[in-house]
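One chain comes next, on its own, written out as structure tokens in the form predicted alone.
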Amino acid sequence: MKAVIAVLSAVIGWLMLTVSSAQAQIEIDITKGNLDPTPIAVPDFIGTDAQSRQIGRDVAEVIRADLERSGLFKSLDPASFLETQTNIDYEPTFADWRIIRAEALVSGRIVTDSPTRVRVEFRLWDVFAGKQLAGIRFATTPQNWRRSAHKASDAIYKALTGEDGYFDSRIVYIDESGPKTNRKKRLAIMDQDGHSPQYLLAGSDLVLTPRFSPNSQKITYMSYENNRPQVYQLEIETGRRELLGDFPGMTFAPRFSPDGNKLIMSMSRRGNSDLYVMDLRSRSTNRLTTDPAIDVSGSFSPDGRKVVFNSDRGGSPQLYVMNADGTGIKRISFGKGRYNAPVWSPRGDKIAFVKSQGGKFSIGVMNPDGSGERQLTESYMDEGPTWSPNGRVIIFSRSTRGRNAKAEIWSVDLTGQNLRKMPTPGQASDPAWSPILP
């Protein structure tokens, strides 16, 4: 656990400064996905010594990969660059970058202030307008160069799209190993790009459906270590675990309310499954639904006023929205097929869900009133959607069939065009995406 704590510790001394900003001439439509990505040049960051030069190369490589993976940008090959920058304090030769069709340029450097402190500085340029869009400087430790790169990617993404980025975040998931008939499932965590995977628990007991708290420092999950479903809360930094209770008939772990003070969960009592809210301060529970149907998979809206959930009260599993106190229940899904696992976007504008029809499963999205339904994926088994912090990307579990069946994590943006498999050390399922790290 000490290794996990070291990896997840706060970055030392973030000192972020916007030096200047100008209105971008570049126009990036974030609704188009990778249909027309914007060419961007990210040369290796300049260094003042051997250590800082290596960090500069590594940081630039991560930034290029982050931006490329978003589907909104095309990171140009450094071998095509005509200008070799030696000082970021001066304007670049824009003509050299226009020749290779770069629309945006990142000029950066790493400065070693001490053995335990480096400065990361970069400028973002609009190549065709010949203007600086942003200049940013922050300080960290040499060991935290990867987080520095993700922070820089977030700043670049926001300057060019107007939207918050999602790169400085992590994903908790279930690492799967062993034969299908005796599968081991362990709680693990990694950076959003698949790097730095770590186990969060020492044991090998069966665990399922982890969920992040709003501050990203706590996780709820289900465990069968005592041969019955129990829900635990885990503090990531300290490794401290707390048993929240035994919940017979529960199949999904609870989800946090936006303020982190409550959990919404489904529990089966007297053969009937309903939604309940637990107050984490008093540990009291309040029943929200009373229909004889199966009510499961509750998810709060970002403002905490609404809940979307899954119910078969209409004869088949469909999506419903209600007030957070259980009143005003309204059905929102009416398409063909069965709807499950709804999750409200952190932006509040969409609800992601799983839809099964014709022997296949897909990830879809719709507006909170049920309008605008769109299918983003389809396969033998797509399930468990979870949103990026900015509400523009969804990751989910995908399982294949047959003797060599595999469980994998995939990502897709809201257009459904930018579909990518995420790297994991082994088989993986049940992902949950953290908020942006503090």
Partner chain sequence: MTRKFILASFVGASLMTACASQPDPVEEVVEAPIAAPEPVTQTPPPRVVQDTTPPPVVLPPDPNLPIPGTADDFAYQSGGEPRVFFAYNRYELTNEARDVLRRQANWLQIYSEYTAVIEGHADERGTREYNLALAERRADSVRAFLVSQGVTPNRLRTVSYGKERPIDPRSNEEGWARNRNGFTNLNSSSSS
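Residue numbers count along the first chain shown, from 1. Note that the structure is a prediction, hence the values are computed from the model and not measured.
What comes next is about the form predicted in complex with its partner chain, which does not appear here.
Judged by heavy atoms within 4.5 Å of its partner chain in the model of the complex, the contact stretch among the candidates 53-61, 394-402, 409-417, 370-378 is 394-402. The partner is absent here; in the model of the complex, the one residue of K350, R109, H150, K185 having a heavy atom within 4.5 Å of its partner chain is K185.
The contact residue chosen from A104, L319, M250, M190 relative to its partner chain in the model of the complex is M250, the criterion being a non-hydrogen atom within 4.5 angstroms.
Shown alone here, R283 lies farther than 4.5 Å from its partner chain in the model of the complex, counting heavy atoms only. Though the partner is left out of this view, S297 does reach within 4.5 Å of its partner chain in the model of the complex, counting heavy atoms only. Although the partner is absent here, P292 sits close enough that one of its heavy atoms falls within 4.5 Å of its partner chain in the model of the complex. Proximity of Y224 to its partner chain in the model of the complex: non-hydrogen atoms within 4.5 Å are present. At a distance of at most 4.5 angstroms from its partner chain in the model of the complex, all three residues S268, E383 and D430 contribute at least one non-hydrogen atom. Applying a 4.5 Å heavy atom cutoff to its partner chain in the model of the complex picks out L206, L208, T209, R211, M222, Y224, N226, N227, R228, P229 from 206-244, in order along the sequence.
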